[in-house]
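We begin with a single chain expressed as structure tokens, specifically the form predicted alone.
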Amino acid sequence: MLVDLDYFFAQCEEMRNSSIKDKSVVVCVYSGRSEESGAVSTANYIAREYGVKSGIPIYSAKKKLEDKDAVFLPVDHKFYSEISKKIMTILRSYADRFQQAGIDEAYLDVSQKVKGNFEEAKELAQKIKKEIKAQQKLTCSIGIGPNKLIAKIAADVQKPDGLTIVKPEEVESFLSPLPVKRLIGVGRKTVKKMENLEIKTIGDLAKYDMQKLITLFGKSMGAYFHNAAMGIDDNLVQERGEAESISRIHTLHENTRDLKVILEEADHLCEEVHERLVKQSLSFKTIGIIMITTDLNMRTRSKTLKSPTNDLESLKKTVKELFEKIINETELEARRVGVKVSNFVKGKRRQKQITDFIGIAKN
């Protein structure tokens, strides 16, 4: 789930002073140079109907609301933060895993709580909305999907006070007709560039050749645009401060190119990493190796598996393959070697998702 508190700053002001609820409420960041210098932070939906939106100059907002019953207020971060903390405490109590994404939004992984059932997830979302309304007098919009990407987009579909559910089998039909700008990371310049390629919808982007996207936007963004358009997102709901990877690195007794010596050390490192994985009940999808050579350059290789595992032998086997490759790519000796795992999934097993059917991707 992605829980998004509706027009949060302005709604907090409405809650604090109910007499302004039926007026255009505009919360502003004032520069202090004059009464109209600064920008709009957020506005309620009444103000938005007149074209007032975040980021526009205050004088422009006042012009749009000229002769309208409008209220302009300065931001009160302390007050909004207090309300946010209370709501985040509520949200955390409903989640198997929780990630605050901002003062007004948070991701909740509720897979175990609802046993993978989307109808139960819907009932849970309704309980969340009801409790926030009862305790803090605020509304929120919730998106429910098989991953964070879909949940985020779904939360924006019905606002304010919306609830949108996208099941795994509905991902393609949900995304396909949406304008490409709905994807995170697609800004104005990227939209124009894509329009020149006749990519107007997310469906158009999904059909576009991935290698061409990589050529045009670079390896990282090209691959992201392709996967996002397909509804693929393996990013976990992750607590703040939680490790994104687990790694171990060790200095060899002496510099060497002897694969047997390197693998003996790598096996020990795999066992140490695996011990931490077991303690934290984590499975992983991405395995990486690190080799610092005698010129003190760091060389890395990684491999992403089809599905998550926490099997020690699979880890050792993949690490062996990666070290065999990296040794053949350089004539230098290894000084330090390391093993790293990432792309975590909580627990040993999980329900199959769309990404389980994508072929192995190698970096």
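Sequential numbering from 1, following the sequence displayed. From a predicted model like this one, the values you see are computed outputs, not experimental measurements.
Note that the form predicted in complex with a small molecule isn't included here; everything after this is about it.
Heavy atom contact within 4.5 Å of the small molecule in the predicted bound form, the stretch among 62-70, 320-328, 303-311, 37-45: Of the options given, it is 37-45.
So in the predicted bound form, does D104 come within 4.5 Å of the small molecule, heavy atom to heavy atom? Flag for D104 set to yes.
So in the predicted bound form, does any heavy atom of K129 sit within 4.5 Å of the small molecule? Answer no; every heavy atom of K129 is more than 4.5 Å from the small molecule in the predicted bound form.
In the predicted bound form, M1 touching the small molecule (heavy atom, 4.5 Å): Although the small molecule is absent here, M1 would stay clear of it in the predicted bound form, with no heavy atoms inside 4.5 Å.
Any non-hydrogen atom of K159 within 4.5 angstroms of the small molecule in the predicted bound form: Yes, K159 lies within 4.5 Å of the small molecule in the predicted bound form.
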